[in-house]
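Taking the form predicted on its own, here's one chain by itself in structure tokens.
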């Protein structure tokens, strides 16, 4: 029941923060922090079980490390069905870590309606944990929607100058694609009922559905579009730069670090296992879209003057590797995909956190209004360099391991796609150098001289957590691949069982 406990503790802390926010902003902050701590304590035994199971030479345990099922609407085969394998455990751990980072980034930035803000933040985290652990498809959809509303409010209430447009765009893209997924989900359940005589939304039951044929292909596309919009990938990526640019710093951290990963997780958990034949036939198109995302978004990043918009396009480029890794569907590419997801979550959170700190100090996001910042704020500048070179894939840091494994696995499945995508690792240093050269070197502008405040203690702690995570992931990636290995093998077998993957 730990998975349910994590979600309940986050939701309860959100309501408590909302109530205390009417009295004191400080009380709302600390109640949100307490809720995260309680959720972490509840989740810790699951994480330790995953580590113990991964280190066991001959484990006989189930691939599912935590599992709970409670009747909800039994007439329609809907249950509170939660389960976590090593893949889900890794992503839930990432969610909780970035929850702390988001909270620390909001400590000084969010000064109005604090109770409502922390309510939205904790509800978003609860929704993400639910997405990573719900294996009843109706329950999965509920949590998928739970993420949408609080994030919409975070952008529209605490965002910047063009927040209403960005929030509406985010809502329309994600809601339209979610309804498409819901339609595909209902048709899949109906197909399962026709074949077995049983109505069920359980992922485990729906695995037995024969989804071969043209209808299965269209249902797979319904899920694919919803997940690629959230990822996002070209050509349905256009909402992300606006949302990132206008969101407050904690909102950008949640978007880049966690919410994008729900789209990747959906592709991994549902596309090949539920629609193996359709996914296999769609693989060439998906790989083309992945390569286009890597290269096109990297090119667009070059032209950006807004630092948050530049980082947003870089995120789209890096998530293109995730699409390639999943549709290559071999063990190396899938393990690399998970490493890339976590590494990108940490590095993008660092980049957006520093972009927010710069905006607080300089009151601008425009790179041409910065310059010469290194002598004034050396600690912040050095950390920006670290996260920039981490994002471009410096050997020894997590992003390099993830992208290298994805390219290696993709090369086994499609050498041309791997060669073209590798150009993304060549282009990444260009936009990283643009940030550093325009913002931190050269001659100081009038705007960049307005503040010389360097990092304070809680900001150093926030960024240090991310630095340590990227270094550990870069030097010891086996810590993560070991946790997820059995889960990945299980997914591989589900796909290969009917001829998908390789």
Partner chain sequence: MDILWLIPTLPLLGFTILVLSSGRMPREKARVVGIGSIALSFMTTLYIATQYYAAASHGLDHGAGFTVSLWPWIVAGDLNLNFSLYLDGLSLSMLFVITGVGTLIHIYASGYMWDDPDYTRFFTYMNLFVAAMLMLVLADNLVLMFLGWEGVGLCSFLLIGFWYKDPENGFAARKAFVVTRAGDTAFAIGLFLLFRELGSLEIQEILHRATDEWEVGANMPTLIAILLLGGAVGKSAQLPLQTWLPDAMAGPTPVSALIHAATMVTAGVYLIARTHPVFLLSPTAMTLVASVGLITLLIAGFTALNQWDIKRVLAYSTMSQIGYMFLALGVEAWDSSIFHLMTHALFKALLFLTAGSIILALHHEQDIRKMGGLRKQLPVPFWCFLIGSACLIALPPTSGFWSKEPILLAAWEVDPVFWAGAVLGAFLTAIYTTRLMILVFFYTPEGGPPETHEPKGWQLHPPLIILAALSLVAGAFHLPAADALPHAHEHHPPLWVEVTGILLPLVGIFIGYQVFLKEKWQGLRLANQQALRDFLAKGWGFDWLYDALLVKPFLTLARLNRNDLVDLVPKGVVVASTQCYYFFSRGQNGQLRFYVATMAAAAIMIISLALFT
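Numbering follows the first chain given and starts at 1. The structure displayed is predicted, hence computed values, not measured ones.
Keep in mind that the form predicted in complex with its partner chain is not shown, yet the notes after this line are about it.
In the model of the complex, none of the heavy atoms of residue 9 sits within 4.5 Å of a heavy atom of its partner chain. Although the partner is absent from this view, residue 392 contacts its partner chain in the model of the complex, with a non-hydrogen atom inside 4.5 angstroms. The closest non-hydrogen atom of residue 468 lies beyond 4.5 Å of its partner chain in the model of the complex.
When contacts are judged by a 4.5 Å heavy atom cut-off, residue 296 counts as touching its partner chain in the model of the complex. Every residue in the set 173, 237 and 303 has a non-hydrogen atom no more than 4.5 Å from its partner chain in the model of the complex. Though its partner chain is absent from this view, in the model of the complex it lies within 4.5 Å of a heavy atom of just one residue from 92, 226, 358, 407, which is 407. Residue 385 is the only one of 179, 199, 73, 385 with a heavy atom lying within 4.5 Å of its partner chain in the model of the complex. None of 244-252, 138-146, 115-123, 413-421 except one has non-hydrogen atoms within 4.5 angstroms of its partner chain in the model of the complex; the exception is 413-421. Contacts between stretch 89-126 and its partner chain, counted in the model of the complex as any heavy atom lying within 4.5 Å, involve no residue at all.
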